[in-house]
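Each of the two blocks below gives one form of the same protein chain as structure tokens; they are labelled structure 1 and structure 2.
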Structure 1
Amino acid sequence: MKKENEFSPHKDFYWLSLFSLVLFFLVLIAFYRQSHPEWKKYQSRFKSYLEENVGREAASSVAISVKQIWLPELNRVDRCISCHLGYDRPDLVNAPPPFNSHPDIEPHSVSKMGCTICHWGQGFALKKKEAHGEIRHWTEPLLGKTMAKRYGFDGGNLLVQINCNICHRRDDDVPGMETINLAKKLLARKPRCQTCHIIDGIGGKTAPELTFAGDKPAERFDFSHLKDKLIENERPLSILSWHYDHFLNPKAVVPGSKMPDAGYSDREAWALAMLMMSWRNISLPVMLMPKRTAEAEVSAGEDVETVGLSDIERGKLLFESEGCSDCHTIGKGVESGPDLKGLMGKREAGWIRRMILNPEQMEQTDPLAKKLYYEFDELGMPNVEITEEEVEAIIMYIASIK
């Protein structure tokens, strides 16, 4: 017994060796993960798929890199296409997911809308789980078939219609939005919601306003009379579930509720629940709004008026209107891109000009730009296609902030 407690260099040596060996492998694993991110695996697989099924040339035209759709008007960067690589290739209809072509969404354009505006998910993320929003704090999980199954909808993906209606709220009969269309018809039926609820400024005041019902956060819903039932039936504990049960039987969810039980069918209750989720206050650029909705909104300021301003003032306006301020601050810290304060002291004017005018090329050829590119998670600085003269104004503005 005594012997065991005695100091034994031998024993320590083994422990230490074991410990360093474990550490060594952990470092190795971390390094491997860093250099083999999930998206790269999909891209290599995509290249092999193309090589086998389309041809060598098609395969070699695909570069292994983070791919993204940058949407300054929507304040989003969607990188889903780093894995969903065939989305814009009609010839890949029969490719295995995630390489297959996207179903036709005419007249919408992915380059103007990205993906998350319809599908939700986390546009910026590059791991499947995170991108599909299947993580705890993300409140907008992917509205896809997997999610639909969880709610017991077989086949198609009707949940995506929630997001269609963010833009198509003012349209009544939109093909592809059959469930929401049904809900809109129910609004006109008795009992009329506006007897008790204000919607779009009109209605009674005996019940909560519903104009932006979809913005009410989960914490403000009382699940106490619903939780056990949901858990028992293995249904998601979500706002959508809350609305569904509430439409089927308001008093069961909110005891003593004055909201009448209208005898909705299963399908009608889901339709109304989805409609409630879609009533959100999301400001959209006019160009992405269907005409009827656009007309309903007050037309916002169009192109920035810059005549008669000093270069610095013009630069400030451009810095905001061209989206630089979406990613950069000047003195307020690092965001998606570097803080630009003190830039003139650090870099040559010519370098800065080239960086703004032609960032893609700089990221590939200029050592410093390359370094920054990796430092900023390969986000890449987009080419916003402004004139040399506009670049000068922006540079003057950046320089003016001390």
Structure 2
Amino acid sequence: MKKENEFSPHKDFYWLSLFSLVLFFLVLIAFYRQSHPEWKKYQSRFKSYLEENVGREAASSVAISVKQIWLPELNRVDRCISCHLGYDRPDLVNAPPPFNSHPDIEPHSVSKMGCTICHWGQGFALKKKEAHGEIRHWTEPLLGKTMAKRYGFDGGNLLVQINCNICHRRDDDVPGMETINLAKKLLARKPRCQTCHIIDGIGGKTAPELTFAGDKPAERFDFSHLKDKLIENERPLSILSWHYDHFLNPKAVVPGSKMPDAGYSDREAWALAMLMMSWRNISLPVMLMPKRTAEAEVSAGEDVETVGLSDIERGKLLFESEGCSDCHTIGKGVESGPDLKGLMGKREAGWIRRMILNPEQMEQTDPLAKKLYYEFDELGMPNVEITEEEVEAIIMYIASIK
């Protein structure tokens, strides 16, 4: 009688042969894929395009090989040019993607700056999906037309402005950065962000510092009050979306937020959201540091012009320019802070002076200042760093309004 597990050479040979054939075909497929990578197909198509539209000599000059730009100063290797082969050829400006030339944006140079410092993507990858960063756990996907459409934008290169501002952060008006330029103008408008937030070392401490807001990881954002809306609108669940909705309606995204609703338009909210994404702590080599004009340097260091004004006029100008009017009115009711009409009859001049010059210490040690701090939802006064002479001018202006 034959045992159930008895060795059967014919049966085992059949299965071993079948397994060997499957393994052989898998090896053939792997070998084919390895010898016919995606980038080789693009380069073959590029040679054919050149031969048909430029000439055989131009086509024969293209060697089939991996091409890359090595940028040791930026710690990057960009192999995008293995497929985007016409990037440095002005005669191919009208060629179909990815063979068309890169726009000439002086003084920017692809050979010196590479691709991913501006466009993002995974520079060392050689497959389209991976190179465009359309994979899990890659936090810098290509900022191109596909990504722009996900946010409802028509402009293919709109999101690239985020990375433009990494270098041009100190420049107020840069050609080609119209959306970011708008955001910078909004920063100086009431209510000013620096009333509560520290930006570049200046501002209040009642809200998170925003100097390098773009470095804040996604794990530190609360999407619980936003997730359903983003899914419904088919918009990416991303930090950019969070900032956009937060600027439009702070309390809807962060219930209990003390941030005022500034009434931003849709375009303004996107502009500010992109600005937040651009504020990153990245060490730039000297070659990427833009040269600011002398005029820009002078305007950046200028104070509010008060020459020839009376003390009261000067105080009014300072009251508005230093952000006092972002929270306080004089005779128009309570806003984020107390109405200051009649203040001189309620408080001593010395108390007001100390409150303006050193608000944090006053809110910690002075009973009245501490009471006001809690009365206004712990929205403390920022230290605006002004001189005693300027404080006197502001006090005179407040006292002048009866």
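Here, rigid core means the biggest group of C-alpha atoms that superpose within 1.5 Å across both forms. Numbering runs along the sequence of structure 1, starting at 1. Just so it is clear, the structure is predicted and the values come from calculations on it, not from any experiment.
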| task | Eyeball the pair and call it: which is the form predicted in complex with ligand HEC? | result | 1
| field | Rigid core superposition, residue 336 Cα moves 2 angstroms or more between the two structures | value | yes
| field | Is_shifted residue 216 between the two structures (CA, 2 Å cut-off, rigid core) | value | no
| query | Is residue 241 one of the residues whose Cα moves 2 Å or more between the two structures, with the core superposed? | reply | no
| query | If you line up the core, how far does the Cα of residue 18 move between the two structures, in Å? | reply | 3.7
